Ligand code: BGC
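Below sits a lone chain in structure tokens, taken as the form predicted on its own.
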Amino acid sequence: MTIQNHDWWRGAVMYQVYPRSFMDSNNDGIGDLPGITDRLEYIASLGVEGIWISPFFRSPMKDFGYDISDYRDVDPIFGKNEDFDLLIEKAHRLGIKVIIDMVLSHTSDKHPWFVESKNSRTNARADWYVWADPKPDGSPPNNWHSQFGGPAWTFDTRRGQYYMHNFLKEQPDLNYHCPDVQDAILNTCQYWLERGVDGLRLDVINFLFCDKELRDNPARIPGEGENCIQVEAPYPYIMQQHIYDKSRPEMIGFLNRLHDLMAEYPGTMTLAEIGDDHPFETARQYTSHARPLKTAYNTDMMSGNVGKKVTAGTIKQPILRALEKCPESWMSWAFSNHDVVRTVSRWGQDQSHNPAVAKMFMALLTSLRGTIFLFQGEELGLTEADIPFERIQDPWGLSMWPEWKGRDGCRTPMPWHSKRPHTGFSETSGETWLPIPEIHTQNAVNLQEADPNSMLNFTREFLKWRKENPVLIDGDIHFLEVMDEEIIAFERCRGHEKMLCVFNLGPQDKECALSFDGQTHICRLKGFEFQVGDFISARDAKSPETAEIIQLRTA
């Protein structure tokens, strides 16, 4: 009898697939589900435990799938529902878990629910969305802002009311104070659980409820709270304390209902994306002792633009806050996703094309305590693409150009081989939905497959070695004191086993003294170099520095 590991997600490495840009099987310039299925062997070869697939549901694509018009139907550009069944069957055959992105806080304005809701104030779904009367002067009901700019309210002439939207005006917010909405959403989740998914990634899950009284948010107090979005320019949204428009106490009741549903499907998991002024306090409420949700994911390590300097505190402080604020929660971490500047461009300090940079950040991320999420192309060391204004697709980028160019730079298609113009992603005779940078051709999969020292083969080696060392999967983490802000050092501990992990985050050679296992050791690291336990396959085993570090791993 096969024993099921229901906690498979603890310490797992997951690989995020952005369907539009992974693999185009029908040559229309847009990736699709059959394309993902065709490349599952590649994903399995990385040594990850599973994949998270960004939304592939029917959508007008105003926000590229995060505006859903039918939760139960695959959008035709991605294929059919049967294509998803084939994908999940093959993934499971290869030992890959599949979690899908459920966008529950809002729908598309083309969703039949909203079309009916806006038709009158008395129809069956009149209260399925957040509607409110204007103020006497015709202005919006309160001072809430949309993350994508402007008020969080749009006026509808038929109802003579405003509807709320935390994002685009084409993404109206559902009203979770309505029991029928909760029932409908839970039925939608059950639909995909019945089709065999292993988990749900819950997009901006803390946005589900807003204040019933629609009270104004107060001004943000300087130095308090966190910037929960990745925009560093002056921006009204980050000028408020988000007390009334999200993270409301009513959330727990709904999440308990979701927990009970997930319990009917043993071995499934829930991943909460939390965007909040106080993300770790919210994570504690949602995930302490793995309930009502299993784990939480936030953007603490993903903020900033190209050239941002990374320090030990960039990595260390979020983990320490998590350990302090939610000690009974199992956290999830990522350096990149489909919404932020790629890691090597953000932190590479003008050396983003240096393979050592990508290798160091990959080893650092996958040595942290938690469930780890890699974004497609991270295993290739892809840099952020510079998209010309006329090719920008992201509505957020279009609205904020040139202060912020949006999210397209990390979403460009995968370079499967070095043949231009479409690098094996597509054989279309036209343009792909986003252009593929020339520089990415040099990082193509076929070139890296043939190079034993490539970033791709490094990723495979390191993740394979990681699986052989349980201390890196579920061991505790303790940071060591280092005076240099460009050096981060920590030990992973599991019972009597300890492993030392040291990383040089900067381009200059460094030397530091570390107290580990009762002794003081001198650690020497070249720029963007790391030493993790006895992992030596990527370095010269004769090096005295490496030999010394090998001795630091104790069992």
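Each residue number is its position in the shown sequence, starting from 1. What you see is a predicted model, and the numbers here were worked out from it, not measured in a lab.
Heads up, the form predicted in complex with the named molecule isn't pictured, but that's what we're talking about next.
Chemist: In the predicted complex, does each of Arg58, Asp73 and Asp173 have a heavy atom within 4.5 Å of the named molecule?
Modeler: No, none of the three is in contact.
Chemist: Which listed residue (Lys316, Arg248, His422, His338) meets the criterion of a heavy atom within 4.5 Å of the named molecule in the predicted complex?
Modeler: Exactly one listed residue reaches within 4.5 Å, namely His338.
Chemist: Only one of Glu486, Asp63, Glu49, Glu529 has a non-hydrogen atom within 4.5 angstroms of the named molecule in the predicted complex; which is it?
Modeler: Only one option qualifies, and that one is Asp63.
Chemist: Just one of 195-203, 108-116, 302-310, 369-377 has heavy atoms within 4.5 Å of the named molecule in the predicted complex; which?
Modeler: Contact criterion met by 195-203 only.
Chemist: Would you classify Arg321 as touching the named molecule in the predicted complex, given a 4.5 Å non-hydrogen atom cut-off?
Modeler: No - in the predicted complex, heavy atoms of Arg321 and the named molecule never come within 4.5 Å of each other.
Chemist: Although the partner isn't part of this model, could you tell me whether Arg411 comes within 4.5 Å of the named molecule in the predicted complex, counting any heavy atom of the residue?
Modeler: The answer is yes: Arg411 has a heavy atom within 4.5 Å of the named molecule.
Chemist: Taking heavy atoms only, is Phe167 within 4.5 angstroms of the named molecule in the predicted complex?
Modeler: Taking the distances in the predicted complex, the answer for Phe167 is yes, it comes within 4.5 Å of the named molecule.
Chemist: Could you confirm whether Arg407 comes within 4.5 Å of the named molecule in the predicted complex, counting heavy atoms only?
Modeler: Yes - in the predicted complex, heavy atoms of Arg407 and the named molecule come within 4.5 Å of each other.
Chemist: Of 137-157, which residues get within 4.5 Å of the named molecule in the predicted complex if you count heavy atoms?
Modeler: Residue within 4.5 Å: Phe148 only.
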